[in-house]
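As structure tokens, one chain now follows by itself in the form predicted alone.
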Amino acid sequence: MKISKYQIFWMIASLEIGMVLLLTQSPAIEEAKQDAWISFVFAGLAGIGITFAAGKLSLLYPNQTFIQYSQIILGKWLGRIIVIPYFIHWLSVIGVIFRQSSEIIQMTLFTRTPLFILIVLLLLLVIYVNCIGGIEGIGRCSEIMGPLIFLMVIITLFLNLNNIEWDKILPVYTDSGLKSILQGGLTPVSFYGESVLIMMLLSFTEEPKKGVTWAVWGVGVVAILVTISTLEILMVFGANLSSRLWYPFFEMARYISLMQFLQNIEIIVTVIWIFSIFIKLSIYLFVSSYGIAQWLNIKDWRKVIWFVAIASIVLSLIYPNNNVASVSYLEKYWLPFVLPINMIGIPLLLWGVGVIRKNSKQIDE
């Protein structure tokens, strides 16, 4: 299974942009007010740094996945133990994404369809692309869907230009300060940090070095688009109203009205947004199944897909409502554990130890 550098770009960009637009803008605006766009600038730079570090780590062993080279760097047993937090991370986030996305689809498109049915249908699509195409199939889908997702975001921003009021982002910095701006960037940087999935994906690229470069570009381009969209949301709704909206970007799409002719495009936006969720879930299902198979020495990784699928359904249904799936999961697990440990701490530790081991080996030779 091999993917190109351009597919890496579209895979990283597609998996990032959907949930960043959905879940990060409201908490960032609540914290940093009209300076939330600055929070997204800092978050984008941090996300690029996380992607770069994860990429440099993977380039130490470009033909092996994270599950394999962690054992080379830390030894067999410690290397096997240190990947366990990632299995918890991957499996839990799949369940959360299924729950969040299915509730939004139910709310906007299929109001009378049971939530369980929507989850199962979405899961079957994700299983299908993994079983039939693997990572190559996901890469091809991202090349088709990625440009459509970006086009949807750009069109939404363009059609709202007549609604913006520049004075709503003033004064700059005075009302919030550096602390609030940095705190506002925590949620978005934790979503940009999902690019650490490159540690599992880089070994499948035809040109690993260029794959890292294009992955960094993927995060960077998304960061620019999301920063611009946050700026426009603030100029359309203002900081007070934006912070109280569950999904500000979707509300901005609903706000579009050109001479009472072009209206209600939020349905189209939702359909295109589903493409991003599909790519994201497909990648998470792949890395979870492939990673667990390697960890347990199972030759046919596709057999593990069914275990991950069942676990995903169970995890998506244990949350009593979307608020718990979104807010509680973010505050109690994602920010205090996944961001500092899985996205920053472990990759930096492995990178540092890996470089030392590589240099020591060269000196001995």
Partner chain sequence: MIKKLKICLIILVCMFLTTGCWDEREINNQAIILGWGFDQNEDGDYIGSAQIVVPGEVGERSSGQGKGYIVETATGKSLLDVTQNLQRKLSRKVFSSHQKVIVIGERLARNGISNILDIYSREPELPIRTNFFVLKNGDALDLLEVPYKMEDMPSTAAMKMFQSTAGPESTTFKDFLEDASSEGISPTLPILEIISSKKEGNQEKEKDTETFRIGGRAIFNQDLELVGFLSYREAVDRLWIINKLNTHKLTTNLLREEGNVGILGMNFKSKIQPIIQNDRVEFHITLSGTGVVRENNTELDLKQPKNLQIIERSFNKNLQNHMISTITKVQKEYKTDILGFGQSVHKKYPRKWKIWKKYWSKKFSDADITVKVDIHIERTGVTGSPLHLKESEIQK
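Residue numbers count along the first chain shown, from 1. As the structure is a computational prediction, the values presented were derived from the model and not from experiment.
Another form exists, predicted together with its partner chain; not displayed. Remarks below refer to it.
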Exercise: residue 294 in contact with its partner chain in the predicted bound form, heavy atom 4.5 Å: no
Do residue 181 and its partner chain share at least one heavy atom pair within 4.5 Å in the predicted bound form? no
Do residue 77 and its partner chain come within 4.5 Å of each other in the predicted bound form, heavy atoms counted? no
Can residue 107 be called a contact residue for its partner chain in the predicted bound form at 4.5 Å between heavy atoms? yes
From 270, 227, 71, 257: within 4.5 Å of its partner chain in the predicted bound form by heavy atoms is 257
Which is the contacting stretch out of 84-92, 280-288, 112-120, 125-133, given heavy atoms within 4.5 Å of its partner chain in the predicted bound form? 112-120
Enumerate the residues of 302-336 that have a non-hydrogen atom within 4.5 Å of its partner chain in the predicted bound form, in sequence order, or give none. none
